[in-house]
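To begin, one chain is listed below as structure tokens, in the form predicted on its own.
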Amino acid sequence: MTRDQSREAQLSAAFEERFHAPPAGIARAPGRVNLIGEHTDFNEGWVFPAAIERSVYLAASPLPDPVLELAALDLNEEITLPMPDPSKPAEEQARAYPAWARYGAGVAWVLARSGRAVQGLRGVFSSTVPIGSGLSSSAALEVAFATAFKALGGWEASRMELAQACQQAEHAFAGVKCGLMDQFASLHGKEGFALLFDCRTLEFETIPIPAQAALVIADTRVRHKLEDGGYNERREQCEQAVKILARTHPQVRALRDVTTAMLRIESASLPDLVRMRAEHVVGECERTLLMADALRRGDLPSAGELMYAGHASLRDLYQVSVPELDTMVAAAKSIPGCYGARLTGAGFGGCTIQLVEREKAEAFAEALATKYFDATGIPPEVLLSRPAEGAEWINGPGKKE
């Protein structure tokens, strides 16, 4: 069961207390965990995420005036501000909103620019996706707003179109040049399945997580902020690698088009940091396809080894790990029942994802929490997870769209 009906009831009550009427409905948008394929999405490669049970819940009703009335329950903050003007640039308008409200405002701006009717919105939201944990709390918030605007506006859009609108909103209003994976996974999740997603063609395949396996997500409690620049800087380094390689290989449009052999031959033409970033992305694209194939076969040991290799690449070549993430992965590897572990998300903090034997998962989770706390003094949050359904609109009490 993906929905948290007690949270829906609490959110409806909070909405009614503030606005003296029940909400028109509730948008639920899940976070995601990425099994492998990190920093490959904006390089037009492959990723392998799954939606998770942790979600953003947004109780919402339309307003006749172009106004956003929003309450962020977890932050105990509220705003009443005009909707962004789709005819004006994003940057100057984004500054008018607090950071947490830019995601909803940005989605409204993008949707309005695409010609869709976007009404004013009154909303109250809360999230079980930890902020800055690498589980895509920002994408889940964007998707919740997109789902609400669509339901309240009465217009049609595919889930992929909504995902792309949310991605554009993050670029324009949050200043993060993210790929499409997070928004895609939040909208397209399928219970019990991971999603092998081709970020160039936008084709995807649902691949079941074998019944004898469980996913364990471990939050290091070290927080990152993508807008601090490390993410965008690495994206620019990847783009620089493409420009250099395309001079002698005109078929190269993105790092997805680069082979290991090509990179080995051309490595001298690349500055050291640029070469390292490219080596990670090229290798990670290969690992992602191999891991999807391993899970199709039910070969959990091979899948796990690819996860360990992916973490090492993120640590050494892409340089987005931190000591706490490395400690968590090393602890996981030392505990019986673990097939593989790696950081998940952009890095610089956040969570690791572990693939473990289902019958040992609970004992594994307890041991992992203990080992991490003993090594760092930080109490982690460790949860067992199964892939969940994607975003939905609950139209009135208990009614799904």
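The numbering used is simple: start at 1 and walk along the sequence shown. The shown structure was predicted, so the numbers you read here are calculated from the model rather than taken from an experiment.
Below, we refer to the form predicted in complex with adenosine-5'-diphosphate, which is not included among the displayed structures.
With the partner left out here, if you bring back adenosine-5'-diphosphate in the predicted bound form, are Leu75, Gly132 and Ser136 all within 4.5 Å of it by some heavy atom?
Looking in the predicted bound form, the three residues Leu75, Gly132 and Ser136 all sit within 4.5 Å of adenosine-5'-diphosphate (heavy atoms).
Out of the stretches listed (295-303, 114-122, 314-322, 93-101), which one is close to adenosine-5'-diphosphate in the predicted bound form, meaning heavy atoms within 4.5 Å?
Answer to the contact question: 93-101.
Might Thr288 be said to contact adenosine-5'-diphosphate in the predicted bound form, defining contact as any heavy atom within 4.5 Å?
Answer no; every heavy atom of Thr288 is more than 4.5 Å from adenosine-5'-diphosphate in the predicted bound form.
Is Glu170 close to adenosine-5'-diphosphate in the predicted bound form, meaning a heavy atom pair under 4.5 Å apart or at it?
Glu170: contacts adenosine-5'-diphosphate in the predicted bound form.
Using a 4.5 Å heavy atom cut-off, state whether Leu141 contacts adenosine-5'-diphosphate in the predicted bound form.
Leu141 belongs to the contact set for adenosine-5'-diphosphate.
Using a 4.5 Å heavy atom cut-off, state whether Ser127 contacts adenosine-5'-diphosphate in the predicted bound form.
Ser127 belongs to the contact set for adenosine-5'-diphosphate.
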